[in-house]
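Shown below, as C-alpha coordinates, is a lone chain in the form predicted on its own; questions about how it binds or moves come after it.
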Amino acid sequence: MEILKEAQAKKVQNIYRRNIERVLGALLVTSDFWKVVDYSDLPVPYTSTIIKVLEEKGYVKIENDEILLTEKGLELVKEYNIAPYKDFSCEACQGRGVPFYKNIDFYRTFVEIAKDRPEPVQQFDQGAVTPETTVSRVLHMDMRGDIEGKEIIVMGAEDDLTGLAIALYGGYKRLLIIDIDERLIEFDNKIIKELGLKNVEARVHDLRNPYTEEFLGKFDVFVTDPPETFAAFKAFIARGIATIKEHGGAGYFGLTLRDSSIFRWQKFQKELLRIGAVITDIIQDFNDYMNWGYHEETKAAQIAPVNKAPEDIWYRSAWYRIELLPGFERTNEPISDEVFYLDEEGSTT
(Lines give C-alpha, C1' and ligand atoms only; values in the text may rest on other atoms or scores of the structure.)
Protein backbone atom coordinates (compact mmCIF):
# COMPACT_ATOMS: atom_id res chain seq x y z
CA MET A 1 0.00 0.00 0.00
CA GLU A 2 2.94 2.31 0.64
CA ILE A 3 4.22 1.75 -2.90
CA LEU A 4 0.71 2.23 -4.27
CA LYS A 5 0.27 5.55 -2.47
CA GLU A 6 3.61 6.80 -3.76
CA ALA A 7 2.63 5.89 -7.33
CA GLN A 8 -0.76 7.55 -6.97
CA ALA A 9 0.97 10.67 -5.65
CA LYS A 10 2.72 10.84 -9.03
CA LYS A 11 -0.68 11.30 -10.72
CA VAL A 12 -1.21 7.61 -11.50
CA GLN A 13 -4.72 7.09 -10.13
CA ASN A 14 -6.16 4.09 -11.95
CA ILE A 15 -4.10 1.42 -10.27
CA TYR A 16 -4.55 -0.79 -7.26
CA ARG A 17 -2.56 -3.26 -5.19
CA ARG A 18 -2.76 -6.12 -7.70
CA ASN A 19 -1.00 -3.96 -10.31
CA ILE A 20 2.02 -3.61 -7.99
CA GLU A 21 2.02 -7.37 -7.46
CA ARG A 22 1.94 -8.03 -11.21
CA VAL A 23 4.91 -5.74 -11.84
CA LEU A 24 6.89 -7.48 -9.09
CA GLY A 25 5.83 -10.88 -10.44
CA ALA A 26 7.03 -9.88 -13.89
CA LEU A 27 10.39 -8.73 -12.47
CA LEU A 28 10.89 -12.22 -11.07
CA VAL A 29 11.15 -13.58 -14.62
CA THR A 30 12.46 -10.68 -16.73
CA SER A 31 14.64 -7.58 -16.41
CA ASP A 32 13.39 -6.14 -19.71
CA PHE A 33 11.12 -3.13 -19.11
CA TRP A 34 9.01 -3.77 -22.21
CA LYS A 35 8.42 -7.36 -21.15
CA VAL A 36 7.38 -6.09 -17.71
CA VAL A 37 4.76 -3.90 -19.44
CA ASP A 38 3.61 -6.94 -21.42
CA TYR A 39 3.42 -9.31 -18.46
CA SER A 40 1.83 -6.85 -16.03
CA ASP A 41 -0.90 -5.71 -18.48
CA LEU A 42 -0.55 -2.05 -17.56
CA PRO A 43 -0.26 1.13 -19.64
CA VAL A 44 3.34 2.16 -20.20
CA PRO A 45 3.10 5.34 -18.06
CA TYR A 46 1.75 3.33 -15.12
CA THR A 47 4.40 0.61 -15.35
CA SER A 48 7.11 3.23 -15.65
CA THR A 49 5.88 5.10 -12.58
CA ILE A 50 5.69 1.93 -10.48
CA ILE A 51 9.24 0.98 -11.51
CA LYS A 52 10.48 4.44 -10.56
CA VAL A 53 8.83 4.21 -7.12
CA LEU A 54 10.34 0.75 -6.60
CA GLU A 55 13.74 2.19 -7.52
CA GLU A 56 13.36 5.17 -5.18
CA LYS A 57 12.54 2.80 -2.31
CA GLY A 58 15.44 0.49 -3.07
CA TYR A 59 13.40 -2.49 -4.24
CA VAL A 60 14.89 -2.45 -7.74
CA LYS A 61 18.01 -1.09 -9.39
CA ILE A 62 18.54 -0.20 -13.03
CA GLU A 63 21.85 -1.24 -14.59
CA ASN A 64 22.70 -1.23 -18.29
CA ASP A 65 19.01 -0.74 -19.10
CA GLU A 66 18.08 -3.83 -17.12
CA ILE A 67 15.66 -3.63 -14.18
CA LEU A 68 16.80 -5.89 -11.36
CA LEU A 69 15.22 -6.75 -8.04
CA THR A 70 17.53 -5.92 -5.13
CA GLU A 71 17.88 -8.05 -2.01
CA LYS A 72 15.34 -5.74 -0.40
CA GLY A 73 13.02 -6.31 -3.36
CA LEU A 74 13.38 -10.07 -3.16
CA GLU A 75 12.58 -9.92 0.55
CA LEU A 76 9.44 -7.92 -0.25
CA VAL A 77 8.36 -10.49 -2.82
CA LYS A 78 8.94 -13.30 -0.33
CA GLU A 79 7.15 -11.47 2.49
CA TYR A 80 4.00 -10.97 0.42
CA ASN A 81 4.22 -14.35 -1.30
CA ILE A 82 4.14 -12.80 -4.77
CA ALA A 83 4.25 -15.45 -7.51
CA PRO A 84 6.34 -15.07 -10.66
CA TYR A 85 4.58 -14.38 -13.95
CA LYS A 86 3.51 -17.59 -15.66
CA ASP A 87 2.47 -18.22 -19.25
CA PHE A 88 0.60 -21.43 -20.05
CA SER A 89 -0.69 -20.22 -23.42
CA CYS A 90 -1.15 -22.83 -26.11
CA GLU A 91 1.99 -22.84 -28.23
CA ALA A 92 0.17 -24.20 -31.27
CA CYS A 93 -2.31 -21.34 -31.57
CA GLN A 94 -0.17 -18.77 -29.70
CA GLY A 95 -2.99 -18.32 -27.20
CA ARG A 96 -5.57 -17.20 -29.77
CA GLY A 97 -7.63 -20.38 -29.92
CA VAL A 98 -7.33 -20.20 -33.72
CA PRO A 99 -4.19 -21.77 -35.24
CA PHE A 100 -3.12 -19.64 -38.21
CA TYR A 101 -1.91 -22.74 -40.06
CA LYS A 102 -5.41 -24.26 -40.25
CA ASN A 103 -5.50 -22.84 -43.76
CA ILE A 104 -1.81 -23.05 -44.63
CA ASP A 105 -2.19 -22.06 -48.29
CA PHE A 106 -4.01 -18.89 -47.29
CA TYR A 107 -1.31 -18.13 -44.73
CA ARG A 108 1.54 -18.63 -47.19
CA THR A 109 -0.17 -16.49 -49.83
CA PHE A 110 -0.76 -13.68 -47.35
CA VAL A 111 2.82 -13.75 -46.02
CA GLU A 112 4.22 -13.56 -49.54
CA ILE A 113 2.02 -10.60 -50.45
CA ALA A 114 2.40 -8.77 -47.12
CA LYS A 115 6.21 -8.67 -47.29
CA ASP A 116 5.96 -5.66 -49.63
CA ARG A 117 3.46 -3.75 -47.45
CA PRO A 118 4.04 -0.04 -46.71
CA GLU A 119 5.82 0.63 -43.41
CA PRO A 120 3.75 1.98 -40.48
CA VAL A 121 3.93 5.76 -40.00
CA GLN A 122 3.41 7.80 -36.84
CA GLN A 123 1.20 10.34 -38.62
CA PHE A 124 -1.68 7.83 -38.69
CA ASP A 125 -0.86 6.05 -35.39
CA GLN A 126 -0.02 2.88 -37.29
CA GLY A 127 1.48 -0.35 -36.02
CA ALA A 128 1.16 -3.61 -37.92
CA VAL A 129 0.31 -6.94 -36.35
CA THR A 130 2.15 -10.11 -37.29
CA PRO A 131 0.96 -12.05 -40.35
CA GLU A 132 -0.07 -14.87 -38.02
CA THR A 133 -2.33 -12.44 -36.19
CA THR A 134 -4.00 -11.14 -39.34
CA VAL A 135 -4.63 -14.63 -40.69
CA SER A 136 -6.03 -15.75 -37.33
CA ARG A 137 -8.38 -12.76 -37.33
CA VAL A 138 -9.85 -13.87 -40.64
CA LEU A 139 -10.18 -17.49 -39.56
CA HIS A 140 -11.86 -16.41 -36.32
CA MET A 141 -14.31 -14.22 -38.22
CA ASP A 142 -15.18 -17.10 -40.54
CA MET A 143 -15.56 -19.45 -37.59
CA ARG A 144 -18.08 -17.02 -36.08
CA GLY A 145 -20.09 -16.87 -39.30
CA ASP A 146 -19.02 -13.34 -40.22
CA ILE A 147 -17.47 -13.81 -43.67
CA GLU A 148 -19.37 -16.34 -45.79
CA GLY A 149 -22.06 -14.51 -47.75
CA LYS A 150 -21.63 -11.31 -45.72
CA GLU A 151 -21.18 -7.69 -46.70
CA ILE A 152 -18.13 -6.46 -44.79
CA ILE A 153 -16.52 -3.06 -44.24
CA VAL A 154 -12.96 -2.71 -42.91
CA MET A 155 -12.51 0.86 -41.75
CA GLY A 156 -9.34 2.65 -40.72
CA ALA A 157 -7.46 -0.52 -39.85
CA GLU A 158 -5.61 -1.42 -43.01
CA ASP A 159 -2.11 -1.04 -41.56
CA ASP A 160 -2.69 -4.67 -40.54
CA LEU A 161 -3.89 -5.57 -44.07
CA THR A 162 -6.95 -7.21 -42.54
CA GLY A 163 -9.14 -6.08 -45.42
CA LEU A 164 -6.74 -7.44 -48.01
CA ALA A 165 -6.50 -10.71 -46.08
CA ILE A 166 -10.30 -11.09 -46.16
CA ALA A 167 -10.21 -10.34 -49.90
CA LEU A 168 -7.63 -13.11 -50.41
CA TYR A 169 -9.64 -15.51 -48.26
CA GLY A 170 -12.88 -14.97 -50.19
CA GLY A 171 -16.42 -16.18 -49.53
CA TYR A 172 -17.89 -12.78 -48.69
CA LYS A 173 -20.71 -11.20 -50.70
CA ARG A 174 -19.14 -7.73 -50.77
CA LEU A 175 -16.05 -6.18 -49.18
CA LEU A 176 -15.22 -2.49 -48.81
CA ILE A 177 -11.85 -1.40 -47.43
CA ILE A 178 -11.44 2.24 -46.42
CA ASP A 179 -8.44 4.00 -44.91
CA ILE A 180 -7.01 7.50 -44.78
CA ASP A 181 -3.55 6.29 -45.88
CA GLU A 182 -3.29 6.45 -49.66
CA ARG A 183 -0.25 4.16 -49.63
CA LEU A 184 -2.22 1.30 -48.12
CA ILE A 185 -5.17 1.74 -50.46
CA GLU A 186 -2.85 1.85 -53.49
CA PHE A 187 -1.17 -1.34 -52.26
CA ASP A 188 -4.51 -3.10 -51.79
CA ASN A 189 -5.81 -2.03 -55.19
CA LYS A 190 -2.61 -3.20 -56.85
CA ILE A 191 -3.04 -6.71 -55.38
CA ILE A 192 -6.80 -6.74 -56.06
CA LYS A 193 -6.15 -5.93 -59.72
CA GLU A 194 -3.23 -8.33 -60.15
CA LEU A 195 -5.17 -11.25 -58.67
CA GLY A 196 -8.51 -10.35 -60.23
CA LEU A 197 -10.30 -10.38 -56.87
CA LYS A 198 -14.04 -9.86 -57.18
CA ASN A 199 -16.63 -7.93 -55.18
CA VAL A 200 -14.00 -5.95 -53.30
CA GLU A 201 -13.20 -2.25 -53.38
CA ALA A 202 -10.51 -0.25 -51.59
CA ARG A 203 -10.77 3.51 -51.36
CA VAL A 204 -9.32 6.45 -49.44
CA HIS A 205 -11.67 7.82 -46.80
CA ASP A 206 -11.18 10.00 -43.73
CA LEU A 207 -13.24 8.58 -40.87
CA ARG A 208 -13.42 12.00 -39.23
CA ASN A 209 -16.02 12.91 -41.85
CA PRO A 210 -19.63 11.67 -41.50
CA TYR A 211 -20.68 8.83 -43.77
CA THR A 212 -22.80 9.38 -46.85
CA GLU A 213 -25.89 7.29 -47.52
CA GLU A 214 -23.85 4.69 -49.43
CA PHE A 215 -22.28 3.59 -46.11
CA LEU A 216 -25.19 3.83 -43.68
CA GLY A 217 -26.93 0.57 -42.87
CA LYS A 218 -25.38 -1.28 -45.81
CA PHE A 219 -23.16 -3.92 -44.15
CA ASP A 220 -23.40 -7.02 -41.99
CA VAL A 221 -19.97 -6.82 -40.35
CA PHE A 222 -17.46 -4.08 -39.57
CA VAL A 223 -13.80 -4.30 -38.58
CA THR A 224 -11.88 -1.37 -37.11
CA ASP A 225 -8.96 -0.63 -34.78
CA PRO A 226 -9.78 2.53 -32.82
CA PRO A 227 -7.40 4.89 -31.05
CA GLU A 228 -7.82 4.35 -27.32
CA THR A 229 -8.82 7.64 -25.83
CA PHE A 230 -12.41 7.17 -24.72
CA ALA A 231 -13.67 9.82 -27.15
CA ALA A 232 -11.85 8.24 -30.09
CA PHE A 233 -13.04 4.75 -29.22
CA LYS A 234 -16.62 5.94 -28.91
CA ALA A 235 -16.44 7.78 -32.24
CA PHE A 236 -14.84 4.93 -34.20
CA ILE A 237 -17.20 2.26 -32.86
CA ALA A 238 -20.14 4.56 -33.66
CA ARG A 239 -18.83 4.78 -37.24
CA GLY A 240 -18.81 1.01 -37.46
CA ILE A 241 -22.25 0.56 -35.96
CA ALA A 242 -23.66 3.18 -38.36
CA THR A 243 -22.81 0.84 -41.26
CA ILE A 244 -24.70 -2.17 -39.90
CA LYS A 245 -27.96 -3.12 -41.61
CA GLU A 246 -29.89 -4.67 -38.73
CA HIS A 247 -29.64 -6.38 -35.37
CA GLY A 248 -27.48 -9.48 -35.45
CA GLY A 249 -24.75 -7.56 -37.26
CA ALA A 250 -21.25 -7.89 -35.83
CA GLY A 251 -18.22 -5.71 -35.18
CA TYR A 252 -14.56 -6.51 -34.53
CA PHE A 253 -11.82 -4.37 -33.01
CA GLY A 254 -8.76 -4.52 -30.79
CA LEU A 255 -8.26 -3.03 -27.31
CA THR A 256 -4.99 -2.97 -25.43
CA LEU A 257 -3.94 -2.85 -21.82
CA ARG A 258 -0.78 -1.06 -23.01
CA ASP A 259 -2.56 2.23 -23.82
CA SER A 260 -5.67 1.71 -21.67
CA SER A 261 -6.22 0.66 -18.08
CA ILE A 262 -8.78 -1.84 -16.88
CA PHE A 263 -10.78 1.16 -15.63
CA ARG A 264 -11.05 2.48 -19.19
CA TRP A 265 -12.08 -0.97 -20.39
CA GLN A 266 -14.97 -0.68 -17.97
CA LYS A 267 -16.00 2.64 -19.57
CA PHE A 268 -15.65 1.14 -23.06
CA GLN A 269 -17.80 -1.84 -22.13
CA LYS A 270 -20.50 0.29 -20.51
CA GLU A 271 -20.64 2.41 -23.67
CA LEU A 272 -21.04 -0.71 -25.83
CA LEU A 273 -23.94 -1.87 -23.68
CA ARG A 274 -25.53 1.60 -23.76
CA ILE A 275 -25.64 1.71 -27.56
CA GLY A 276 -27.20 -1.75 -27.84
CA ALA A 277 -24.22 -4.02 -28.37
CA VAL A 278 -23.29 -7.16 -26.48
CA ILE A 279 -19.71 -8.44 -26.18
CA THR A 280 -19.60 -12.03 -27.41
CA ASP A 281 -15.83 -12.54 -27.52
CA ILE A 282 -12.77 -11.10 -25.78
CA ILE A 283 -9.59 -13.02 -26.58
CA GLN A 284 -6.78 -11.54 -24.53
CA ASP A 285 -3.41 -10.96 -26.26
CA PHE A 286 -4.83 -12.10 -29.59
CA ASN A 287 -3.11 -9.34 -31.57
CA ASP A 288 0.69 -9.36 -31.55
CA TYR A 289 2.23 -6.15 -32.90
CA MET A 290 5.56 -6.00 -34.65
CA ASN A 291 7.81 -3.23 -33.31
CA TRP A 292 7.37 -0.03 -35.29
CA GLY A 293 10.16 2.14 -36.64
CA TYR A 294 9.16 5.36 -34.90
CA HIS A 295 9.32 4.02 -31.32
CA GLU A 296 12.03 6.50 -30.30
CA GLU A 297 9.67 9.40 -31.11
CA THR A 298 6.82 8.20 -28.89
CA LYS A 299 5.90 9.26 -25.39
CA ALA A 300 6.45 5.65 -24.31
CA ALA A 301 10.14 5.85 -25.21
CA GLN A 302 10.51 9.17 -23.44
CA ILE A 303 8.98 8.10 -20.12
CA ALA A 304 10.44 4.60 -19.96
CA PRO A 305 12.99 4.15 -17.14
CA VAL A 306 15.40 2.60 -19.68
CA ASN A 307 16.85 3.77 -22.98
CA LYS A 308 16.76 0.35 -24.63
CA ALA A 309 14.13 -0.03 -27.37
CA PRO A 310 11.91 -3.13 -27.45
CA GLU A 311 13.51 -6.12 -29.15
CA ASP A 312 10.72 -8.69 -28.92
CA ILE A 313 6.95 -8.49 -29.25
CA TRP A 314 5.56 -6.68 -26.21
CA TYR A 315 2.60 -4.68 -27.53
CA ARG A 316 -0.52 -6.83 -27.70
CA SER A 317 -4.23 -6.24 -27.75
CA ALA A 318 -7.38 -8.21 -27.07
CA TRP A 319 -9.62 -9.11 -30.00
CA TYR A 320 -13.20 -8.05 -29.34
CA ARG A 321 -16.33 -9.20 -31.14
CA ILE A 322 -19.66 -7.45 -30.53
CA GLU A 323 -23.12 -8.25 -31.80
CA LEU A 324 -25.91 -5.69 -32.15
CA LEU A 325 -29.27 -6.19 -30.48
CA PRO A 326 -32.71 -4.91 -31.58
CA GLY A 327 -32.97 -1.15 -31.11
CA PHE A 328 -29.22 -0.48 -31.30
CA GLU A 329 -28.20 3.16 -31.66
CA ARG A 330 -26.85 4.63 -34.91
CA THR A 331 -25.03 7.99 -34.94
CA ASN A 332 -23.10 9.71 -37.71
CA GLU A 333 -21.46 12.82 -36.30
CA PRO A 334 -18.18 14.49 -37.35
CA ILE A 335 -15.14 13.34 -35.35
CA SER A 336 -13.03 16.13 -33.87
CA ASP A 337 -9.24 16.01 -34.04
CA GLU A 338 -9.22 16.55 -30.28
CA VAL A 339 -10.28 12.95 -29.62
CA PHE A 340 -6.90 11.68 -30.81
CA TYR A 341 -4.81 13.57 -28.26
CA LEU A 342 -2.74 11.47 -25.86
CA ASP A 343 -3.87 11.28 -22.26
CA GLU A 344 -2.48 9.92 -18.99
CA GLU A 345 -2.75 6.30 -20.19
CA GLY A 346 -1.85 6.42 -23.87
CA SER A 347 1.79 6.70 -24.91
CA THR A 348 2.58 4.78 -28.10
CA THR A 349 1.27 7.19 -30.75
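A quick note: this is a predicted structure, and the numbers were derived from the prediction, not measured. The numbering used is simple: start at 1 and walk along the sequence shown.
If you look for the form predicted in complex with another copy of the chain, you will not find it shown, but the lines that follow are about it.
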| property | result |
| --- | --- |
| Region of this chain that lies against another copy of the chain in the model of the complex, out of 29-37, 278-286, 63-71, 43-51 [heavy atom, 4.5 Å] | 278-286 |
| Candidate from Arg108, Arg208, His247, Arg183 lying within 4.5 Å of another copy of the chain in the model of the complex - any heavy atom | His247 |
| Contact assignment for another copy of the chain in the model of the complex, among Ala238, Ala231, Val204, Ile262, heavy atom within 4.5 Å | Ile262 |
| Proximity of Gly217 to another copy of the chain in the model of the complex, heavy atoms at 4.5 Å | no |
| Close approach of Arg258 to another copy of the chain in the model of the complex, 4.5 Å, heavy atom | no |
| Partner proximity in the model of the complex: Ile104 to another copy of the chain, non-hydrogen atom cutoff 4.5 Å | no |
| 4.5 Å heavy atom contact, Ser89 and another copy of the chain in the model of the complex | yes |
| Partner contacts in the model of the complex for 1-37 (non-hydrogen atom within 4.5 angstroms of another copy of the chain) | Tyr16, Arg17, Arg18, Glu21, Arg22 |
